[in-house]
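Only one chain is given next, in structure tokens, and it is the form predicted on its own.
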């Protein structure tokens, strides 16, 4: 297995501050205790009782510093109103940031810290997505829903939790990708069991499993003009599925195309996006633009580093992965710009294009650090939000 394969590249979880900071493949992390919170003490005199803050002991401060140092942010999602950003990390935490406060002309350093942080899963939060009312989060073998209207309140509880029907009760694979299908009011999810699962959001029932991949699924993309979904896997294929029938209608073995193949990196597909008849994907193979109908690679982007996230934006393609930069590509393959961020590797990009909050229209990027970089335009990083 080359760089990016499942055995080599999972960032270790809690209690393992020496873990790798780059993950080309998302495999199981080991789990430990939740990050410790600040303590408080009680003092009193004259019959009156009051609470006074107690500073954390030195060893606790050291542990917090190590957790921040080895934090990985896997996922992001913007609220329906466009004014808040959720980010999920390898400690099972979700932080909610106020974009409107951080972007205000009166913003202070406190404005760039979470409004609230809570533990959502026992293991890492691999994927986040938002509906009109809910924030959906995915961890090891479970999907949870949180009400955006309640999420800023302390002690917020999940509205529901669902577990896909796996072959064995002992099987707890990661759920690595969540994708909304608005036309059918359904949720598509995929990960370590090599299947795509479809869940009806109205009833919470799992309606279908799409089988065909032979290894771990990393990414999903919806073709909005037709009821089809694309999936990219560790097995080196991108598969196209008809959501009406549940049938696989096309398979592209990316690594078998000489112009895309990079055997030294492996064959895994770590990211993909689609726009009408076009698809862009990458991972072990080079980041490449494909014409779907003919299954033909049309543009190979000249970038050595494996990519972990890619998206179409206007007449550009944005990508990020191993390395600190957000890359901006022309469809012709020309590199328009590389904009550096604060993390040495990036795992997720989020474009806030909610029409309800045009003043919060930003690009955010996160990866193997405790920071979320905010780009107010594509040309430079304006500032960073921070879990700490």
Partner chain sequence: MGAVTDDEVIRKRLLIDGDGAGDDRRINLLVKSFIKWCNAGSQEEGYSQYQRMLSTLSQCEFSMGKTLLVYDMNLREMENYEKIYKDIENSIAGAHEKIAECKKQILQAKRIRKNRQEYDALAKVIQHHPDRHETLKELDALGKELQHLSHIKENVEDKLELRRKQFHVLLSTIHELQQTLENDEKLSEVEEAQEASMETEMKP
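Numbering follows the first chain given and starts at 1. Note that this is a predicted model, so its numbers are computed, not measured.
What comes next is about the form predicted in complex with its partner chain, which is not displayed.
This chain lacks the partner; the member of 226, 251, 298, 161 within 4.5 angstroms of its partner chain in the model of the complex by a non-hydrogen atom is 298. This chain is drawn without its partner chain; in the model of the complex, the residue among 338, 330, 59, 344 with a heavy atom within 4.5 Å of it is 330. Residue contact with its partner chain in the model of the complex: residue 315 places a heavy atom within 4.5 Å of it.
Taking non-hydrogen atoms only, residue 118 never approaches its partner chain to within 4.5 angstroms in the model of the complex. Remark: residue 256 does not count among the residues lining its partner chain in the model of the complex, judged by a heavy atom distance of 4.5 Å or less. The closest heavy atom approach of residue 166 to its partner chain in the model of the complex falls outside 4.5 Å. Screening 298 to 306, 261 to 269, 75 to 83, 141 to 149 for residues having heavy atoms within 4.5 Å of its partner chain in the model of the complex returns a single hit, 298 to 306.
With contact defined as any non-hydrogen atom lying within 4.5 angstroms of its partner chain in the model of the complex, the contacting residues in 265 to 295 are 275, 278, 291, given in sequence order.
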